[in-house]
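Quick heads-up: the structure tokens below are two forms of one chain, split into structure 1 and structure 2.
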Structure 1
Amino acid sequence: MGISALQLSSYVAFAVFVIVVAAKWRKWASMPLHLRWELYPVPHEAGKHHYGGSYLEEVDWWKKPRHTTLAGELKDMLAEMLFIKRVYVYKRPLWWLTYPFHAGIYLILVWFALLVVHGILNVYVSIPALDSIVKVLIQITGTIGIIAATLGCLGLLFRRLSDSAMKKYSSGVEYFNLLFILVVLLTGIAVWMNDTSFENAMAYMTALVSFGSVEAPQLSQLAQFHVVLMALLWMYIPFTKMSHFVGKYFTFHKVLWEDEPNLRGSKLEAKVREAVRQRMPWSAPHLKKGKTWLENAAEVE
């Protein structure tokens, strides 16, 4: 036994994915304060979100305690994450394609997690009753996930090729990304057709989580090709706009929903003071390059 080159490629791909995503998260988390939008309603406004209100509409709001609700924020977040609510509301024809694609990807990620759980139950902790349930869930999530993601991917690719409006703002890399994912999904379907119970996938993941103590199954050439493609995709995603799942947290929590009051002596005020001292790297008719935001604002007539 030991670790094969194929297994090593899977370890490397996962490590690259985690490291690059973590680095991207750290970089965005350390960015300067974003321009305050102060758009309402904000889901964490307790008692005001339902009618579009804000604490700013109250007299002497800065003297009163703010009332926020985590439940309201979670409700809006889950609607967006699980159902892509905004696309459903504002671009319904596209939602019918992008939702099965994203839902399929979610199910495939759950499938991966279940494979890991199955491997742990077979290598480290033996709970037969739980393992039987996990095997059933692997069948369900893997089957529905790969079919939904493939249909959605084909639909999105066709939409970009046939919709004149989308073609105008679709770059070559966006077609490449969809084609890359589609090839991985299609090779996955081809492998699945010869192993509809995912026995080889479970055995391969069990060998991975055992770190060499359990022998890996003998995979077909097509299955090995699919594993390599999958590893390349895992390493590629963090370097592309497909890693937008990281940015969504900052878009919602640090831009759209950031409504912390800027009170005198607060940490937010210190961040604002730091931001307005930054020098402009660009110019415009009303702004001069090289001067700070504060200096430019002082010259506005």
Structure 2
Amino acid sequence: MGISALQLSSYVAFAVFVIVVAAKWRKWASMPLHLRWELYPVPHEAGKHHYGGSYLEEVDWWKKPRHTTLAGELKDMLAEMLFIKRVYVYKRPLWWLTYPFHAGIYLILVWFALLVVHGILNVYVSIPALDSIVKVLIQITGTIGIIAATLGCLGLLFRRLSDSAMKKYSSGVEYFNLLFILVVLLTGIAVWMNDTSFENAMAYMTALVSFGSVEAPQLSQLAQFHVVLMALLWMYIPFTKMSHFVGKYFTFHKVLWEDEPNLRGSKLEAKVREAVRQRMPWSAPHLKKGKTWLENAAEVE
């Protein structure tokens, strides 16, 4: 027993993924306060979101309590995350490709999570009834996930190559990203065809979850190749714009839906006070380079 190099690659890949995603999150979260730039409809506007209204529709809005709804925001977020609603509404032909791709990836992620649960149930806690259900779910999510993601990926690649507008805007790395995912999916399909009930995948994850106390199965060369590719993909994604799952949180929550008013005496007002004291480095003749924003605003020739 012990941990093989292959297993080590899986651990490293997962760790890199988590660390880089966390670093990206931190990068976006630590960005300076920006000017308000919201865009309606803002889904947390209780009672007004359905027509795109805001608290600014009220006389003396600053004297009234703001009514916000987390449920509204969650509903909008989930519609976008789970169904890619905007593409469905505004570009249906693309949705038929991008949705299977993304839904397939979500299912594969669920499949991963179920493999982990299965591993825990086998190594640490024995609940046979639950394990039977998990095995069925692994079968369903793994099969549908890999087929949907592969078909979607093929479709997206074909579209990017054949649609003149998309082709003109795509650089080499955009094709590479899709190809990389496609190769991982295709090798996955090849491995799955020799192991349709995912027995090896379950055994491999059980060994990973046991951190060396359970022996890993003997994988075929193809399966080992697939595991290595998968590890490389996990490490690669956070460095690319495929990590838009991080960016998307900030574009919506911290920019487009960010409508917090700067009320007198608020914490936000303190941040604003701080922000306008920064020095201004721009060089145009009408500006005072090196002076603060506040000084620039106050001194006009």
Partner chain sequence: MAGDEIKIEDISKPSKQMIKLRLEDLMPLPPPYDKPGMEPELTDPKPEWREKYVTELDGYIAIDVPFKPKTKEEEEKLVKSFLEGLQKLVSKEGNWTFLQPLLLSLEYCAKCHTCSEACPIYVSSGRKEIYRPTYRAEVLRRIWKRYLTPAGKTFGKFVSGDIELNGTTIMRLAELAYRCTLCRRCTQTCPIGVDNGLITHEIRKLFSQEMGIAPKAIHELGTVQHLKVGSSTGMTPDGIKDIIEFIEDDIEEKLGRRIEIPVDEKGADILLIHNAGEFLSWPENPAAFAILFEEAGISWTLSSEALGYDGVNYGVWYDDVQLARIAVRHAEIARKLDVNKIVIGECGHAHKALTVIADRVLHDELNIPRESCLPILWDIVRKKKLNLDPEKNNFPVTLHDPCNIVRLMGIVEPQRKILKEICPQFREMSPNGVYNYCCGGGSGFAIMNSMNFPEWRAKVSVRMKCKQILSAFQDCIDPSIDKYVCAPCSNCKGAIRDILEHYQLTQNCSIYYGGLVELMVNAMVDLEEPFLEF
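When a residue number appears, read it as a position in the sequence of structure 1, where counting begins at 1. Since this is a predicted model, take the numbers as computed values, not measurements. If you superpose the two forms and keep the largest set of C-alpha atoms that fall within 1.5 Å, you have the rigid core.
**Q** Given structures 1 and 2, which represents the form predicted alone?
**A** Comparing the pair, one sees that structure 1 is the form predicted alone and the remaining one is not.
**Q** With the core lined up, does the C-alpha of Leu294 move 2 Å or more between structure 1 and structure 2?
**A** For Leu294, whose C-alpha is compared between structure 1 and structure 2 after core superposition, the shift is 2 Å or more.
**Q** My question is whether Met280 is one of the residues whose C-alpha shifts by 2 Å or more between structure 1 and structure 2, given a fit on the rigid core.
**A** Yes, because once the rigid core is superposed, the C-alpha of Met280 moves 2 Å or more between structure 1 and structure 2.
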